[in-house]
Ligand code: HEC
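Next up is one chain by itself, shown in structure tokens, the form predicted on its own.
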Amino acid sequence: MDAAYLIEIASLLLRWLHLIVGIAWIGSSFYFVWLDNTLKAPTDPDLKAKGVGGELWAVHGGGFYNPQKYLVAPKHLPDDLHWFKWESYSTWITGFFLLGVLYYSQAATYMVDPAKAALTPGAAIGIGLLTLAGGWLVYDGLCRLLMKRSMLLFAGLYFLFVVAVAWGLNHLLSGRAAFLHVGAMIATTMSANVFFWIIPGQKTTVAAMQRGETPDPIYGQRAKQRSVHNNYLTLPVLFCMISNHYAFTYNHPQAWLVLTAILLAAVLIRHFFNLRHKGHFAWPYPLAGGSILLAVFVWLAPVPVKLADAASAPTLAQIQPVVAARCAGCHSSTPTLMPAPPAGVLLDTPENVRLNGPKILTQAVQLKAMPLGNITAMTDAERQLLAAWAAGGYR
């Protein structure tokens, strides 16, 4: 079978699996943060004597549930203990393989932008991998250094670090790859928190109980701390993961600033939900987050092209070379850059170009979604030429 077709199959299956296990991880993470914020101190003396620090009654699917959380650990270790770890590991593993299939195996197309930096595919891949590893090392170092001193200082410095990474990657890689690698860096940090801190802390607690010792509460506190961090990082990661579908964000000249603003809005909105679970309706947070998103979308809104008169608009014959050079490689009956023309749109004849004029305006000019990943290096001047042709009535 054709190599491009095999890549499409691998992409489909990995994306599907990544989505499935990601839902399992994020769902359990959101649930336990909600649970911690909703638990109430027990009134039953027997529960207090057992060491229960909080409990909750809930109904779901026709059944009643009574989750209980111990201050440190139960007096006796249960025989059947479920560990929430494979959801995280599976999400990271499938995400990394998906990153390899979509970007690292096609780095020359999807990661290298000659207009930004003269990188080889290998160098672009190296930058991507260094970002994943370096992001974890910086985050973990900041945690170790500052967490006991000032949570606010830690959050501020880590946010500035993410901003710096976004700025640097958007000057080195294609916008699409830059956004994705910022998200992959944060996601790697989240999974590393589970692997290096949360699960080892839980194992240490269990081991102490198996030896008949009283577990040190510090391990649970550290694990919970990292788990809360993961909760705040989830929405920024999710945006980065879907950003490749919205080229008007990552193709902007100040794309790093666009990403910074959206990530900040995501954190503010998540903070609102965390406070809401505790019974606090802190409306300024979603208002601020929503205002930031609105400001970004207004900022990115395309500016309509104004012509002195319709006669000054370029003709089909004038824009045809641009379409042939930048679009027909994918949108033709025999595409050379894709297994099949995306969305079945054909642009290999003048008639098809005129027929699909409104789609060209939307996808190539207003949203900058095409060419996909700007694989054919369409310039801003060429996009403006297409916009002027559309303003003149696609004649």
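Counting begins at 1, following the sequence as shown. In this text, rigid core is short for the largest set of C-alphas that superpose within 1.5 Å between two forms. Note that the structure is a prediction, hence the values are computed from the model and not measured.
This protein has a second form, the form predicted together with the ligand, left out of what is shown; the following refers to that one.
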property: Options 360-368, 23-31, 39-47, 55-63; stretch whose heavy atom lies within 4.5 Å of the ligand in the model of the complex; result: 360-368
property: 4.5 Å heavy atom contact, Leu35 and the ligand in the model of the complex; result: no
property: Contact of Arg226 with the ligand in the model of the complex (heavy atom, 4.5 Å); result: no
property: Heavy atom of Thr260 within 4.5 Å of the ligand in the model of the complex; result: no
property: Heavy atom of Leu17 within 4.5 Å of the ligand in the model of the complex; result: no
property: The single option of Trp256, Tyr110, Tyr139, Trp92 touching the ligand in the model of the complex, heavy atom within 4.5 Å; result: Tyr110
property: Pro350, Pro342, Gly51, Pro67 - the one with a heavy atom within 4.5 Å of the ligand in the model of the complex; result: Pro342
property: Interface residues of 17-47 toward the ligand, as seen in the model of the complex [heavy atoms, 4.5 Å]; result: none
property: Per-residue C-alpha change between the shown form and the other one, Ser11, threshold 2 Å, rigid core fit; result: no
property: Core superposition between the shown form and the other one, C-alpha change of Leu56 at least 2 Å; result: no
property: Residue shift check between the shown form and the other one, rigid core fit, Ala282 Cα at least 2 Å; result: no
property: Pair Ser11/Leu337, Cα separation in the model of the complex versus the displayed form, closer or farther by 3 angstroms or more; result: farther
property: In the model of the complex, shift in Cα separation for Leu19 relative to Leu337, 3 Å or more; result: farther
